[in-house]
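For reference, the chain that follows is the form predicted alone, supplied as structure tokens.
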Amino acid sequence: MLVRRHEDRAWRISARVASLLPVAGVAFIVIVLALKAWPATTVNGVSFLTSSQWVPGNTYGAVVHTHGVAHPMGSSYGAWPLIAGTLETSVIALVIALPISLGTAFALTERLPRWVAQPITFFVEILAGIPSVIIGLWGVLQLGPFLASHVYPLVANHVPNVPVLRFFRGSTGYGEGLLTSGLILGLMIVPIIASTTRDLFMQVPPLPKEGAEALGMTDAEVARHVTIPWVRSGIIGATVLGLGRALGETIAVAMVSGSILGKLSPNIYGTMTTIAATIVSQLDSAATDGTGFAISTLAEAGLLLAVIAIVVNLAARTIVRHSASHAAPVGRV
């Protein structure tokens, strides 16, 4: 009996420690980034969020001091284009990936026979495991040039010239840019959302769906009034998982975005960059700054990206709780 009590106590302690490890990991990352970014935060100030300049200054010239922080003369950093590029590509990715993922999940669970659904499910899961550098290489060598030559001009030349749609007009470039980055990100998050949603749909009991069909509902009505409401909170969670991948994706976006610093994309086809892509593309050159100010600025950008990810996840959890508390009971349509 005594041994069982000790085992139970050890299990409870281990479970509590394990539950605190993720919290400790996130806190450690944020604290380290904040400490490393503090010199840049002191110098860049609030303008880091609103300015568009990204000028390292003369890293081999004179060193100046601002608020006691050493940095190269002429250095000026602003992350607004990075923030905008990160959010724009993520929104494009979600707009593309969410309906495709839901449709794929419905097809695999409701429409396709088992002998067809199983291999398709396997390939969807394989797609999630393809390294992002391979997808980025395919995007910059094949997808981007193909779209720029055969698809983007058709869209740009036929979109009405009205203020709301002018963002879809203009030069289509050579395939590197905002829309290509969003398409690549959408492709990368489809398997994440689709696989999770498929598992959720498989957990919906058959009786409510059969009852809805017996009342004369079509397949679309059953999906809209029974299946999706049953797992709505889980779909939101799966979408947030995909959004987190889109926000933090690095190498694929760096390869297909054009990695243009200091300016916003003039249209949906224009070159741009994101926070994560900027960090990976600027890290080598930042190491040449003997003052360490460029590295500190990249740490500030990383901290900003971490804050965005945390805020997005907190907002998603709020939506999930609100959705769960207002979920319709079974049978109410």
Partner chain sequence: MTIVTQSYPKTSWRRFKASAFRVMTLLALLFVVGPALWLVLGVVVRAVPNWKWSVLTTLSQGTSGGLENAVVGTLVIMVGVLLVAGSVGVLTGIHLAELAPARKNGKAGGGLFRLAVDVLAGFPSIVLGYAGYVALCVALHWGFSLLPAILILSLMVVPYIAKSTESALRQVPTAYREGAEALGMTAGYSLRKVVLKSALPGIVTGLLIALAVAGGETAPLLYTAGATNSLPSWSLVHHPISYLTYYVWTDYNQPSAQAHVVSYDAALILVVLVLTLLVVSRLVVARTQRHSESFR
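Note that the structure is a prediction, hence the values are computed from the model and not measured. Positions refer to the first chain, counted from 1. In this text, the rigid core denotes the largest set of C-alpha atoms whose superposition between the two forms falls within 1.5 Å.
Absent from the display: the form predicted in complex with its partner chain. The rest refers to it.
Of 202, 207, 220, 165, which residue is found within 4.5 angstroms of its partner chain in the predicted bound form when only non-hydrogen atoms are counted? Only one option qualifies, and that one is 220.
Name the residue from 103, 262, 153, 234 that puts a heavy atom within 4.5 Å of its partner chain in the predicted bound form. Contact residue from the list: 103.
Does any part of residue 43 reach within 4.5 Å of its partner chain in the predicted bound form? Heavy atoms only, please. No, residue 43 sits far enough from its partner chain in the predicted bound form that none of its heavy atoms falls within 4.5 Å.
When the contact criterion is heavy atoms within 4.5 Å, does residue 255 count as touching its partner chain in the predicted bound form? Output for residue 255 is yes: heavy atoms within 4.5 Å of its partner chain.
Indicate whether residue 214 is a 4.5 Å heavy atom neighbour of its partner chain in the predicted bound form. Although its partner chain is absent here, residue 214 would stay clear of it in the predicted bound form, with no heavy atoms inside 4.5 Å.
Flag residue 28 as yes or no: does it have a non-hydrogen atom within 4.5 angstroms of any non-hydrogen atom of its partner chain in the predicted bound form? Output for residue 28 is yes: heavy atoms within 4.5 Å of its partner chain.
Non-hydrogen atoms within 4.5 angstroms of its partner chain in the predicted bound form: do 63, 240 and 272 all have one? No, the whole trio is out of contact, none within 4.5 Å by any heavy atom.
Counting only non-hydrogen atoms, choose the one of 71 to 79, 165 to 173, 86 to 94, 125 to 133 that falls within 4.5 Å of its partner chain in the predicted bound form. Result of the contact check: 125 to 133.
Scan 284 to 320 and write down, in order along the chain, each residue with a heavy atom lying within 4.5 Å of its partner chain in the predicted bound form. Residues within 4.5 Å: 284, 287, 295, 296, 298, 299, 302, 305, 306, 309, 310, 313, 314, 317.
Large Cα shift (2 Å or above) at residue 46 between this form and the one not shown, core-fitted: The answer is no, as the C-alpha of residue 46 shifts between this form and the one not shown by less than 2 Å after core alignment.
Since the Cα separation of residue 195 and residue 20 moves by 3 Å or more in the predicted bound form, tell me which way: closer or farther than here. Note: Cα gap between residue 195 and residue 20 widens in the predicted bound form.
Closer or farther: how do the CA atoms of residue 237 and residue 26 lie in the predicted bound form, compared with the form shown, if the change is at least 3 Å? Farther apart, which means the C-alphas of residue 237 and residue 26 are at least 3 Å more distant in the predicted bound form.
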